[in-house]
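One protein chain, two forms: both are listed below as structure tokens, the first as structure 1 and the second as structure 2.
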Structure 1
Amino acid sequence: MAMVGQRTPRLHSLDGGPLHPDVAMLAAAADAGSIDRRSFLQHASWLGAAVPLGACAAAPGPSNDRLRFVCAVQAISDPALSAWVEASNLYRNVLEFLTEVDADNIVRPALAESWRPSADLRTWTFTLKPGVRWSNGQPLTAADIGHNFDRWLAPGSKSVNRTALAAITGFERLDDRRFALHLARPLCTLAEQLYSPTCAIVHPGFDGTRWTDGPIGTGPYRLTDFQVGRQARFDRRDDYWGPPALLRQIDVIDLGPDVATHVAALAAGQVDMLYRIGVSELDLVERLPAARLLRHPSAMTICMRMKIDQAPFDDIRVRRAIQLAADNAAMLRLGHRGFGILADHTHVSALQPDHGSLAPQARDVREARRLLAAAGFSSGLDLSLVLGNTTGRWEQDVAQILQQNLAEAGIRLALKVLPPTEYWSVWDKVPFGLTSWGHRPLGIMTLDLGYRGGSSWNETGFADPQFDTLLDTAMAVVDPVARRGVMAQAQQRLRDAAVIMQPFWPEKFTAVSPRIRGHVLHPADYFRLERVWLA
């Protein structure tokens, strides 16, 4: 939501020192109207500026209420290896992060009370909040944080943090509450990235195997029951170092994969909060008196991606033809009932502040047919798309629209639907697959993980040194306008290579009991339950 024209707020730094020099540049850009107010606040928060909290409803004090939250209860070995947001919503009650990114994508202090990047963005000094204690009574120290960075970045680390934070070359403990991170290249989004689900701070005594066996944390709750596939229970800690959580108890209940079952449980008053509902449950939830619908735009999406080292996708003419035959508007309208915004095959959303706008690419079936004929498929082409409905049945609905789109260009597309967990066994192997990608606050984070040459999450095999250089450049640029320019070039290269079809950005929905207060739907599906209360 742009608020251009409103006076840019005067900020101060989190640690009371002088503001990072680039904040002045951001403020000037905001004053000139080249970036909006929210974008200004987000960028300033990366650089260690304190962003005032918006007005919110006054919460009552701690209560004896119990919240029943429907979410998958999966085995958790090591939070740093976690691949599921659902799992992070469990350990989020017990563990805390150095920073926190709110639903407006603004970075806020969490365990760290402040961070200060050097002018060149290559040295970041963090200060921990005073008085933070682990649930076993020990104080949290900078050495404990160092232990976490060591395990993430160790040569044998299996954590995705090793890729995402690859720029970090050293951790330096300055005193008990202060430490510095040294980077090989500038990384303006570091503070934001420390809120990734895999960056939860664990106790140095944790051996990395079964986190759920009596975990020690700094968070407001303690894990008191954990049964995979059934339920997990969290009880409020009376000895928590910060303001006490509002709810006495949180029960996370696993009701299986069928969302219709979750809605039935909410309707019958058996649960209070659902993790996610799909577009097909929307009408029902809107009619139920026992449910309140929550919705949020998000940079979560699906990509129908082709593996460029496998025939016939090794021929760019075939990939281009497929991309040109796809009708994004029809996929959004019929596959997701129009709830969402159109995308342009670049995997960066117009909702993300680093989105570079490109000239729209019009659908062109005639050109698609010409390209196919040139590639030797004048009599048509048989393809099969593998998908797993990992975020719901709508994925298949979209694939069916694509099937009809491609038929117009002479491509006969077969759909191979797998169970969700089966799809995750083959997501990076099948020649043509439909993969869901989670929300990230910035487009560059997605591009870095999914399309950098040799990245472990690169499912298309796309490798373009110039694209990688553009990513490095964009990561070092604080100025949002300049970064959007660099990003536009990277996005253009990605779209020209035609490795994905990314039709739209679906709106995200969930449903809660009308009694729920203090809950804001986070675009990345993060649930901060200690601030929730029941009316």
Structure 2
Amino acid sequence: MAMVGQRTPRLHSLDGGPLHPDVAMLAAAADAGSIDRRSFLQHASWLGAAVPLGACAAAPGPSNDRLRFVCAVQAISDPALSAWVEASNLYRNVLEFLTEVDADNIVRPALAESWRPSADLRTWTFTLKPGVRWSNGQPLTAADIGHNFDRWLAPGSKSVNRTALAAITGFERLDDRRFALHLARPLCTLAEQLYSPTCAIVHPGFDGTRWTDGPIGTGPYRLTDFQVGRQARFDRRDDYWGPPALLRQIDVIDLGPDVATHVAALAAGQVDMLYRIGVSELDLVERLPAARLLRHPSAMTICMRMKIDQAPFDDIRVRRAIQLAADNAAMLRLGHRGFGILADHTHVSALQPDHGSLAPQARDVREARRLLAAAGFSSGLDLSLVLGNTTGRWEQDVAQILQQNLAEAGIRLALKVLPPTEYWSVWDKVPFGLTSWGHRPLGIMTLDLGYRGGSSWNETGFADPQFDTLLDTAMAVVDPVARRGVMAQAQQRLRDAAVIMQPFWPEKFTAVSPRIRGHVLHPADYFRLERVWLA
């Protein structure tokens, strides 16, 4: 059905039925100029509208080429428990998702060919693509999808999906290809959330322990070798149900945490693609003839967060003092060479369409000193910040700037730097830690994961029922303008609680061989390698 709109694109629904009634509201908002075209397309895609693909280079057919991709290879027990994006870039060669969110944050079909939310957003009906088969030859069925929702949402589940998808109260199998999700409250972002790294669809036979032991998947590759800390190998499936992958083989190579080593390997032609580079390598990569620099703005960030049930962070005066003493502009300028945009301790980026605008919070060292004295630390305070440089050495550079900032307020900050893999084992346990958070298309998704009471990834222990209610309200609002108003209230409550310091949103960089084609840098660091080829 054609939609009404003077300047907006003409859309139709993925399942051929009438468009969701809120799409007309979105089109009117776009025509009136209250939302931009990208925001219109993003929100329409949530509601089951088919958004046309942009122009892209014509790909050749399958080849016998091998891609060498530098990325950490860590142990993977259960994709639903994964807390690091690098792991998802391994298992996404073998596993697939119901939906896909592209680099422009548009939701597109993956295993599901369509989704249809009810008018009140409380019932979502999905239809699987026909002919999808697991690598063991079995057909993918709606019952298999139900198995995944059951394990994610079970009372004893340790997956972050348990709280992120807590609105789901029932899974109903309609037939072999169709199922319905019943929700306790409206959730307009459901289709987008199903592309979270923890929502990869696993085979019903998976026991939830060592996924790398002969995994069965619906994806275009088969895992043929896996050595923690060394390499993983994926071979193209000749029996894949969809268009065949372009590369015959993908070798994921773990060269350790030193990014300079990764760049040297790229310069020498020993590898083809890097997972990430930092600002320290930027100038070098720009001069290398054997490297092509890729960069993208992102809602990825770092947060220095405090556990509010542990002294001295159980005193809000201490937390406020730390936040007020932090100089975000200096941390961006000196720690990341100015590549990025300033943040405001709310963990929602102006790049995200649901960002609520707040008045900036000015640095105030005098007030920080007063608060510390009131909390009983008039002679100063000794603290230790734990970090792991999980996204590069620049994390430590930023922490050192913070160290200088806090010293002005009388806080003596020691830095405890762990190896990246060691940090991920304690990231949610240390009293004061620096944690990197990946990009999410929406700020509300990050707030729901990191700050809702009881969430598995709530590393601060923050618990505020009114904040949670605001999240529920925002998730039910399709109108982007109205949602920003609710989000502003939630962001204000989070900033007032002073549980984090969030200095800036760094620009994202990586480097690839000039031979690489078909790769689009995704703001969330997702690598879809089956679409890549070598020129």
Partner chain sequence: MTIWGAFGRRVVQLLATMLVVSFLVHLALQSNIDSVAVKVLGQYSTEAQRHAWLVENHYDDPLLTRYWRWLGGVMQGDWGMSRHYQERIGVLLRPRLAASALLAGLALAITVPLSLALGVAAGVRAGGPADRAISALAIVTTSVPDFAMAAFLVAIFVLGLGWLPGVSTMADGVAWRELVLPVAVLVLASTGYLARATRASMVEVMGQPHIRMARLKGVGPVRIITHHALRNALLTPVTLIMLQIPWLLSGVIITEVFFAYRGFGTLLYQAALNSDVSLIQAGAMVSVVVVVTSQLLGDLLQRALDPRLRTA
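All of these numbers come straight from a predicted model, not from anything done at the bench. Here, residue number means position along structure 1's sequence, counting from 1. Throughout, rigid core stands for the largest set of C-alpha atoms superposing within 1.5 Å between the two forms.
Legend: structure 1 corresponds to the form predicted in complex with its partner chain, while structure 2 does not.
Checked against H296, S118, G242, A350, the hinge of the rigid-body motion between structures 1 and 2 corresponds to H296. Two rigid parts account for the change between structures 1 and 2, and C-alpha superpositions put the rotation of the smaller relative to the larger at 10 degrees. CA movement of V430 between structures 1 and 2 equals 4.8 Å, with the two forms superposed on the rigid core.
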